Structures are given as C-alpha cells and as structure tokens.
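First, one chain by itself in structure tokens, the form predicted on its own.
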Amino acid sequence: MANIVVLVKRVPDTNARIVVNGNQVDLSAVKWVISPYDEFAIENALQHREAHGGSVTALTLGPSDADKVLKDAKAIGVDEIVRVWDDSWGELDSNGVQIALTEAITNLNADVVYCGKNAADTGAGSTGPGIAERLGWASVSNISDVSFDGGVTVTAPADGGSAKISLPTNVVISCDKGSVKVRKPNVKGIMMAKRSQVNVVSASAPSASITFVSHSPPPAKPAGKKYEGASSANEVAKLLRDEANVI
C-alpha cells in the first residue's frame, strides 16, 4: 500500500489574456487553476491508489491563495491536502521550490511522487527531475501511460518511439497527457472539499538567486500578406522559401 504524493501548482488559466502593466505582468483579474498537466498526474495517482491501495496526498507550495487548487484536487478524490509555505519567504526560484518540496515530501514519508511534466506558467519541466535528484530517487519524465498490473509500468518517449519501463517504489513520475481521461468532481466531492482542512507545513528554502527585473510582451507580429491568383504562385513560393523558411 503506497503513500502517494501528487504535486499540484496554481497557475493562471491558460485561456486568460496576460497583460503587462508597468513592466510587470498584471494577474489581478486572472482566474487561477490547477496546471493542466498536474491534472493527469492526479488521475494517475488515483489509479495507483485504486490498483494497490494506500493514500494520495496533494501537495502544493504557495501562500493561502493556493488553497483553492488543493481543494479542487480534493474534490477530484485525493485523500489529504497539504500546502508548504513560510511567510518569511519572498519569491523562490526553482532551486528553492525544489528544496522546500523535497523536505515536505520526505516529512510525508512518500513512497512515490507524481507531477505534471511542466507547469503552464513557466514551462521549465525541472521540478520532477530536480526533486528526484534531491531525494536520491529514480525519475521518469513525459510518461503517457501507466499500468499497475503487478507493479508500476510506464510508457515514456525513447529514441525512435517509446519505451515501457518498470519502476521501483521510490520514484518521481512526471506526467504528459497520454491516453488517460481525467475524472471530474461530483457534487459530493465538491461539498466535501469545501469543508476540508488544508494542512499547512513549513520547510527550509534558500533565498532566490535569480531576480526578475521586468516583464515585456513579445514583439507584435508583422502584418500578413495576401496573394490571389495563379500569377502570384512564384512570388508566394519565393517568400515561403526565403522568408518563412518552410520549403
């Protein structure tokens, strides 16, 4: 019976319009959600519990605003929800985040950790492998399918195709979309989640070694060009070859 931890992160809705105001990203009007790949991690963790028993703890790092994504995970079916935070922290870089989460995972006596392959806001993909390195555990990334017959076997990208890998107990599994269908919360789950208590824990984290100076939007795309008729074919082919580099 495994003690399973699944990492969830609070990120801006991927459909939200991001605005830069005063050299900083303005997120005041943005809806916050569970990072999409973390939803696949939650589903795989729940299937792991259903196959082999045990419990699933959703873990996040952040201030109290992050409680909502934990309760969303609770509504889907996790057993416990834990948030690691210390009010003395400022902005943490990826190194600090991984160190703090590793300490929390160790204190939770986890046997296996699931997480999304990357977060929708940063896209770095470093959290899973970084935590595995600090734990001294195995790590497998971008898995698309998981089988629990007689253990844990995952499908992951490999040169020229994919590979099926049998995993040990102590492993960090970073999840891609794959074929898994993420379950939706039912009314009972939503009501239980509203009443659930978030367990807040502290951890150690170094000061950030990277500081964001300013944000700026990407340059505006140039206006498109429109061509009509067969007489434009040579010109279009030339532009596709010399400017767009697609042929």
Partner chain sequence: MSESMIIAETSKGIVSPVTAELVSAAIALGTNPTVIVPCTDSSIADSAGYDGVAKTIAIKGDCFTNYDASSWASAIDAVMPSGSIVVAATPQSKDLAARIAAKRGLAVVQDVVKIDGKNLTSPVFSGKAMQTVSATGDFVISVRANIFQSASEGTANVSVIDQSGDVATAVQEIMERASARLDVSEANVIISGGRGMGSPDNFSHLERIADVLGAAVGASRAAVDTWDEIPHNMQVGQTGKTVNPNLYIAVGISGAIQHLAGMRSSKYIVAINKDADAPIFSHADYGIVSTWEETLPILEAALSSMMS
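Numbering follows the first chain given and starts at 1. The term rigid core refers to the maximal set of C-alpha atoms that superpose within 1.5 Å between the two forms. Just so it is clear, the structure is predicted and the values come from calculations on it, not from any experiment.
The next section is about a form of this same protein that is not shown, the form predicted together with its partner chain.
Q) Counting only non-hydrogen atoms and a 4.5 angstroms cut-off, does Gly22 reach its partner chain in the predicted bound form? A) Judged by the heavy-atom cut-off of 4.5 Å, Gly22 is well away from its partner chain in the predicted bound form.
Q. Taking heavy atoms and a 4.5 Å cut-off, does Asn107 contact its partner chain in the predicted bound form?
A. Answer no; every heavy atom of Asn107 is more than 4.5 Å from its partner chain in the predicted bound form.
Q: Mark Lys221 yes when one of its heavy atoms lies within 4.5 Å of a heavy atom of its partner chain in the predicted bound form, and no otherwise.
A: It does: once its partner chain is placed as it appears in the predicted bound form, Lys221 has a heavy atom within 4.5 Å of it.
Q) Does Ile247 make contact with its partner chain in the predicted bound form, using a 4.5 Å heavy atom cut-off? A) Output for Ile247 is yes: heavy atoms within 4.5 Å of its partner chain.
Q. Going by heavy atoms within 4.5 Å, which of 121-129, 107-115, 67-75, 80-88 lines up against its partner chain in the predicted bound form?
A. That would be 121-129.
Q: Output the sequence-ordered list of residues from 221-247 with at least one heavy atom within 4.5 Å of its partner chain in the predicted bound form.
A: Sequence-ordered list: Lys221, Gly224, Lys225, Lys226, Tyr227, Glu228, Gly229, Ala230, Ser231, Ser232, Ala233, Asn234, Val236, Ala237, Lys238, Leu239, Leu240, Arg241, Glu243, Ala244, Val246, Ile247.
Q.
Given a core-based superposition, decide whether the C-alpha of Arg17 shifts by 2 Å or more between the shown form and the other one.
A. No, the C-alpha moves less than 2 Å.
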